[in-house]
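Have a look below at one chain only, the form predicted on its own, in structure tokens format.
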Amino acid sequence: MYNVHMMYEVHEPRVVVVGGGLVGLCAALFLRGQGVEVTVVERRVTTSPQPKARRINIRTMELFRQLGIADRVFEAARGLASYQHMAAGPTLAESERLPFMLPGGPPDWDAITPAGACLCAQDLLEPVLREIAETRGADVRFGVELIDFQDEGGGPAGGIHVTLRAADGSVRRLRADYLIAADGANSPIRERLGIGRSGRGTLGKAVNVYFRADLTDLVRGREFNLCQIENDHVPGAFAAIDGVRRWIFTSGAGLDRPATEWPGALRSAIGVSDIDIEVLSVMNWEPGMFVADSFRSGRVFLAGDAAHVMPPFAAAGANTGIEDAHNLAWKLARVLHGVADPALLDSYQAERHPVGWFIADQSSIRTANLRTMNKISADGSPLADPIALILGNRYPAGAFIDDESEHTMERLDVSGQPGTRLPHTFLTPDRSTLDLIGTEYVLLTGPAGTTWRAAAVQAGIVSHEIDESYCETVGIEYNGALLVRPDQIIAWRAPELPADPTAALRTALELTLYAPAPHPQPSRSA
């Protein structure tokens, strides 16, 4: 098949990740955090030269906090630290900052998360993630393309055999247990697998103009993340990339405008006629919603844009993909370490597909209008609370024991329901309840939970005592307990002490590790 000598690698990673963008590099970091050998291959010779995604939301920063890299990310984002506001006006020069717009007003951030969101252009963040991944033992190969793969199925001889071609033309073949396809919206792996996509489809057309211009004096004192330009000649929005010289202008007009005419159009949108502008690229694109019908095929898993493409209006695309990788990594680790049945991996589809669909759909019905984006949907469909969309999703089924408790997306509603993220509260000024969760299952027990702690020792998991106030937050009695997965998702809630807590905990662990479908609640009491 190939015109070069085939080489077989002695080193065999447990997981191959195809795609070295944000999602692929994060997948490598999460897997290394779980002690899994991983190889990342990326056909580009270097990380992205384009700024692309910029908004790193609070949930992603919570995950970076768990990895111990949040400070590195904030350092990479320091140039845009003050560029969190929105603005609007007939030109950039005449624009004014918009008031903070969330339903109910600004939340008490310290009460809902230990992390802060940031703006960090993808071309600045990817090199940081790559360097950390390599330092932590990931085998990261840029300039290497996947040209073939075969899924050998289950059994002792099963696995994924991948064929890789380097930039020098050399071809190598290696075996892995699983493959993560983080190879983008046009994923060749998804196409090869014949996985279709559904959703709202294409939702319009737009153009991105990436340019250099010194706008420092114009934006000083009214720094912005996005600035909406409200005029009929050059409507659109400016996005700050470094807050000094790099910017993107996005518009639904002027799609056929030649690149040579864009400097003049940009000057009109900026409102200054003699400013020097260097256009770096002009790219037409189509916002749309396309969700893969399945996120798994055998030993191959789709993540990020390969799994779900969505418009940028909720700034959720890359963040949702990073959560995919976080969800999948601990499950792969449990299976590869021999402590969970491979059936656990079916829960990736059960959990991430409906959430990916919901976030993509919510992104699709949000408008690009900065004045109304969190107030009015494009088609009249109800909008989820924007903070709930980030922190408050509940898996409808998966590797947890559902207790049929109520849940809403009309507000942030994380109150101990299985299938939701563990609620945050500060235990000390710099330590959150989320910080109690590492790479293993954790049992959180009320102050009257001595018996639970003995049960945790027998089960081989860590336990932590929580106070009365937090017990009330998560809906358990002082002798109750919460079982929390390594991805900070609640696996099981025991509102009170059962007759045999050791047996109840063992059953809960078995059900959440070995069976991906919901199961009856273990007995709560004698």
Ligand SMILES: Cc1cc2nc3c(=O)[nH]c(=O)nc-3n(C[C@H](O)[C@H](O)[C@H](O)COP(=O)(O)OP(=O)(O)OC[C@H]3O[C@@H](n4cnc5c(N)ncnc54)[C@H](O)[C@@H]3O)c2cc1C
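Residue numbers here begin at 1 and follow the sequence given. Model, not experiment: these values are computed from the prediction.
Unshown form predicted together with this ligand; subsequent notes refer to it.
Taken together, the three residues 144, 305 and 315 all lie with some non-hydrogen atom within 4.5 angstroms of this ligand in the predicted bound form. In the predicted bound form, at least one heavy atom of residue 184 sits within 4.5 Å of a heavy atom of this ligand. The shortest heavy atom separation between residue 319 and this ligand in the predicted bound form is within 4.5 Å. Put simply, residue 188 is close to this ligand in the predicted bound form: some heavy atom of it is within 4.5 Å. Residue contact check for residue 52: one or more of its heavy atoms lie within 4.5 Å of this ligand in the predicted bound form.
Only one of 466, 490, 41, 63 lies close to this ligand in the predicted bound form, with a heavy atom inside 4.5 Å, and it is 41. The listed set 122, 349, 393, 432 contains one residue whose heavy atoms approach this ligand in the predicted bound form to within 4.5 Å, identified as 122. Heavy atoms within 4.5 Å of this ligand in the predicted bound form are found in one stretch of 334-342, 307-315, 264-272, 408-416, which is 307-315. Along 199-234, a non-hydrogen atom within 4.5 Å of this ligand in the predicted bound form is carried only by 208.
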